[in-house]
Ligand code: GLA
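A single chain comes next, written as structure tokens; it is the form predicted on its own.
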Amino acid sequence: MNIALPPMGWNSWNTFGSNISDSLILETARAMKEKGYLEKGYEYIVIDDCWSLRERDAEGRLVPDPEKFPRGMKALADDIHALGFKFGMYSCAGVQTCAGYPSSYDHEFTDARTFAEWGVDYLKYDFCNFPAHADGKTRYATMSMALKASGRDILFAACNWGTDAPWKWMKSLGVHMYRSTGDIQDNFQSFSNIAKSQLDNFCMSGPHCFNDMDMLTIGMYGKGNVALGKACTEAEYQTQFGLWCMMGAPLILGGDIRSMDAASERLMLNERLLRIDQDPECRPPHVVYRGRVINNEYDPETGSWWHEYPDCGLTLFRHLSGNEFAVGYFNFAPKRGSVPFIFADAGLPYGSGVGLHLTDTITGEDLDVHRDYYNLDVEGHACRILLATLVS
């Protein structure tokens, strides 16, 4: 199966958890098509946990819950395919799923054949309730082989939460994308910690096997199944999407597309940002700055004009195809501060005689040609993502 670019789509878990149904999945797919998500590349519609009955049937096969999915999965998959999408489902490497439903341990080949018969194109494979004596790598290898023996091309989205450094071995097992962290929550601290934890690991992500930092929470605003802690702001959602795109991660949406706010939709459909994430060369970002952020605004509580936030500034530089580049400035501090970019750190010293023509990806603003450095004041918890071309 040729998965040349980071997969894109939508998953039910972040917003809906166990509250899923045939009608919800179809409504979401129709909304995604009508609003242009499919056209932009969001092609997978994925049902997460809680879709089955609590027991297998007499033949040992998984059974869709008839109250949630009265037509069965094959009919739903056919409707999803008719809309132009691909259909995804969920199982787990353990004996039960994370929500306690029957799972695929020792049922790998039966379940893979079942998924193939239903028309499944994508399998999210979790890691809950895994036997203590068993070997996780072997069981992911087993499901990989089961999917290949099923007679259908099925994207294998392994989800072992970063256990045993999966970036070192998942590709060798035939996996197409792998979760590298614990579950995301809809708050700034959660997604920023996830992204920062993977900065050194994206060098092992690329065509056919991508580092997956979990489903996005953009547009949830504190509503839904993973709405824990202080809800994100619009600027924080821009930072989340900017990090995922700069790092070349899969873009699996998790909000309610049917009622998504306009700002979130503009962000998730932004062609410049999507072009960065989906660049055909799939190169990882280069960390050109990671250090302090200085805020020089007067703080009446401390009487100070100067405050330092250690390790809160991050500048990423990414080589794209066609001699284009992306630059991401991220401020993880709670207040505005300067985030630097010295061109020499990206291999472009002043003596080269070459500058960068910069364009803002969010506003489309032409920022002119610059040489030597281009530092930006960035609001707290916010980012700026620029596209760059070389100018002699």
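From a predicted model like this one, the values you see are computed outputs, not experimental measurements. Numbering starts at 1 and runs along the sequence shown.
The protein also exists as the form predicted together with alpha-D-galactopyranose; that form is not presented, and the subsequent description refers to it.
At the 4.5 Å threshold, heavy atoms of W169 stay clear of alpha-D-galactopyranose in the predicted bound form, well away from it.
alpha-D-galactopyranose is not drawn, but in the predicted bound form it has no heavy atom within 4.5 Å of R318. Contact check for C98: a heavy atom falls within 4.5 Å of alpha-D-galactopyranose in the predicted bound form. Of the heavy atoms in Y178, none are within 4.5 Å of alpha-D-galactopyranose in the predicted bound form.
Of the candidate stretches 45-53, 25-33, 354-362, 63-71, only 45-53 contains residues with a heavy atom within 4.5 Å of alpha-D-galactopyranose in the predicted bound form. Here the marked residues W13, K124 and W161 all reach alpha-D-galactopyranose in the predicted bound form, each with a heavy atom within 4.5 angstroms. Residue in contact with alpha-D-galactopyranose in the predicted bound form (any heavy atom within 4.5 Å), chosen from E281, D183, D78, D200: D183. Between alpha-D-galactopyranose and the residues Y140, F210, Y90, Y237, the one pair within 4.5 Å by heavy atoms in the predicted bound form involves Y90.
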